[in-house]
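A lone chain, given as structure tokens: the form predicted on its own.
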Amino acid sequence: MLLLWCITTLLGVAEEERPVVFTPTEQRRILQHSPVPEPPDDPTNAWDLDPDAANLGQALFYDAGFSRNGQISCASCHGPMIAWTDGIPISTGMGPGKRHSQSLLNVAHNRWFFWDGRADTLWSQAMHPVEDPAEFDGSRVDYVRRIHEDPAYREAYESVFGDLPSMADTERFPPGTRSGTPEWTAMTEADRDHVDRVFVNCSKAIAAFERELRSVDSPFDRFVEGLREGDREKMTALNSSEQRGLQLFIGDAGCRQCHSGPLFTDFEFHNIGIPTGHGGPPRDPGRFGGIEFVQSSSFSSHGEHSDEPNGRKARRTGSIVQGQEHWGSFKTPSLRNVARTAPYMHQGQFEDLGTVLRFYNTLEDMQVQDHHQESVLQPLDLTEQQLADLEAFLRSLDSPLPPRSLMGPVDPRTGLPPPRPETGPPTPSESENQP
């Protein structure tokens, strides 16, 4: 009897810890999710790969001096230490926003930007916060004047983009002037074009910096490498629970229908009926409004400031036909580094991964609308153990963050951190922490 008990016990332990056996079909699906390739080039941005432009862009990204109160920068909503997001449901700059801030990790892979896709290039996305009252609440004229008046910015800008004409004449370039105002309209077309050109170039520099925000080497990637090579040691990068979760993800849970490919996203838009953050019926048009905006914007891929206005991106933007099915749909986010980017959904409605999975498991409180709804969405009906396994797998998609050199302000001319202020000899504890 003792021998039988020991055998039974050992078999139970072995079954729990035994690696999952993946079928050939499952293996083919898994291999489609890794590795993450290099970001595609952006032909609409001639400085996409320019390191000097990226240095300037990094300085601009962290500089709060372009906001009305001098306290809001891009990093305010895209903090590097929390996966380039802000960790709160609704982002707040100079005022409360309307949606949750998305992570910038691997952002250069995106086809569309913002939850509603109202920008079709990374550089046009970077332009939006400056004049938004809820974000920087600034003006493009003041933005360009600051580039002109700051010696470091001016030198860095001119080394990349060429001469920067004077902004000293405040009658030609009235302080605080935003696009669309009477003051903006009163400026000559040539002066408006000058301001827009510099503003766009700075945004293209920011995009060159954001292209470098990559985070791709996760335990899942090491597992896939082992699966591809037949290396069982590498496959131990995922434990049994994580492997069972992976099997659910690519199989019965149906997650890969929207979260496909190496970035775990189809890059498109869906209406999945999640409950609103404000508790009432949905009132955010999502992609429906985004299509109208991106097609009419002069700063989109087809506009005069694009470096390829007749290219593939421009044709894709121009070919979208706005339909009722787009109302209330939002972009599928990447699942890479997902455990770092709570809360979730476009209003931060779900505080953690467990809450997200429970919604998909039951579809409780789903907002059913009287127009197009995702018909493919059905309750998963998973057990508690299966939900735990699925969450464990999602957590295995976290990767090391980008290098520390990208995590703070730099001199726009050199890309190096600004010198530390002279405050006297460091204390012993400070000396120990010197790099």
Ligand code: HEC
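Worth saying up front: this structure is predicted, and the values here are computed from it rather than measured. Throughout, we count residues from 1 along the sequence that is shown.
Beyond what is shown, the protein has a form predicted in complex with ligand HEC; the following relates to that form.
Every residue in the set Trp115, Ala134 and His259 has a non-hydrogen atom no more than 4.5 Å from ligand HEC in the predicted bound form. Picking from 235-243, 182-190, 336-344, 215-223 the stretch near ligand HEC in the predicted bound form, with a 4.5 Å limit on heavy atoms, gives 336-344. Among heavy atoms of Asp142, none comes within 4.5 Å of ligand HEC in the predicted bound form.
Taking non-hydrogen atoms only, Gly138 never approaches ligand HEC to within 4.5 angstroms in the predicted bound form.
Residue contact check for Gln102: one or more of its heavy atoms lie within 4.5 Å of ligand HEC in the predicted bound form. At the 4.5 Å threshold, heavy atoms of Ser73 reach ligand HEC in the predicted bound form. In terms of contact with ligand HEC in the predicted bound form, the residue from Val160, Met167, Ile274, Val294 that brings a heavy atom within 4.5 Å is Ile274. Site annotation in the predicted bound form: the residue of Val36, Leu394, Ile30, Ala54 reaching within 4.5 Å of ligand HEC with a heavy atom is Leu394.
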